[in-house]
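Single chain ahead, written as structure tokens, the form predicted alone.
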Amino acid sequence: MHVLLQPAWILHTRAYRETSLIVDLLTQDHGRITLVANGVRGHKKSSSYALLQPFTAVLVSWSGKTSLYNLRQVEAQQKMSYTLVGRRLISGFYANELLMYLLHRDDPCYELYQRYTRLITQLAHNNRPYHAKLRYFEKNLLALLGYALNLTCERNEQGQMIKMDANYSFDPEMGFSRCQNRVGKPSFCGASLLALDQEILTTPKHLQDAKQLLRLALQYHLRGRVLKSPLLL
């Protein structure tokens, strides 16, 4: 494989041998890939080393026959340089961890690349609310992985529609069922589920329910793997 100047985002880097890096990227046309960047740590003032940092949008060229490719060239995407700070930075690391744990390598998904780009752009604008955008990213990530949440129907045989004034419990394998007793178990307002489905989370209650629900769903698919970014909060 030999790919030239593919649009990509840097997700994660780690040291490799004495002077190299292993770099994980989300690419526009090839999904998540892993590259070896040989020799870049020996020249920390080089343009390549400076670009190989999380939340950097790059054009990258690589080659190789296995799932661990060799970096050939990297340059910045024009007008795509962002700096994340504070809780927005932690939210960005959280999104990157989800992609690292949940995506298979070399599995193209153009829509996910576009959604990630919009999320990072939103996080970089400090004057704009971002919590709802992060919830929509989580919801759509699950859907693109084949684990879409049915936020409009109960799990019973009749498939009754979710009602705005009812409360529901959630089973990651089965879905939602109406619950009467809310003590000791997470429950979610029907209005919050419908707002998440339509991507119109506008109240603190909607946002709180959506955050708790998506955490439960994602934890199930993470299969016991612990995310480090929430611990930073």
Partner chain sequence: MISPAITRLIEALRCLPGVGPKSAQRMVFYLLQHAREQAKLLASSLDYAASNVTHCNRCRTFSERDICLLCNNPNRDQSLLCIVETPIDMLVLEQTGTYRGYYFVLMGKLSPLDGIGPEEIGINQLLERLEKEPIKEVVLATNPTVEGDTTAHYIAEKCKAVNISCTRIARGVPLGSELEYLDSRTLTQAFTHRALLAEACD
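Positions refer to the first chain, counted from 1. None of the values given here were measured: they were computed from a predicted structure.
We do not show the form predicted together with its partner chain, though everything after this point is about it.
Novice: Counting non-hydrogen atoms within 4.5 angstroms of its partner chain in the predicted bound form, say which of G146, G86, G159, P129 makes the cut.
Specialist: Checking each option against its partner chain in the predicted bound form, the one that comes within 4.5 Å is G86.
Novice: Taking the partner as it appears in the predicted bound form, which of 109 to 117, 137 to 145, 159 to 167, 94 to 102 has residues with heavy atoms within 4.5 Å of its partner chain?
Specialist: Selected stretch: 94 to 102.
Novice: How about Q73 - does it come within 4.5 Å of its partner chain in the predicted bound form, if we only consider non-hydrogen atoms?
Specialist: Judged by the heavy-atom cut-off of 4.5 Å, Q73 is well away from its partner chain in the predicted bound form.
Novice: May I ask you to state whether T152 is within 4.5 Å of its partner chain in the predicted bound form, using heavy atom distances?
Specialist: T152 lies outside the contact set for its partner chain.
Novice: Is there a heavy atom of M1 no more than 4.5 Å from a heavy atom of its partner chain in the predicted bound form?
Specialist: No, M1 stays farther than 4.5 Å from its partner chain in the predicted bound form.
Novice: Please tell me whether any heavy atom belonging to A210 falls inside 4.5 Å of a heavy atom of its partner chain, as the geometry stands in the predicted bound form.
Specialist: Output for A210 is no: heavy atoms all beyond 4.5 Å of its partner chain.
Novice: Could you run down 47 to 63 and flag each residue that has a heavy atom within 4.5 Å of its partner chain in the predicted bound form?
Specialist: Counting only heavy atoms within 4.5 Å of its partner chain in the predicted bound form, the contacting residues of 47 to 63 are A50, Q53, P54, F55, T56.
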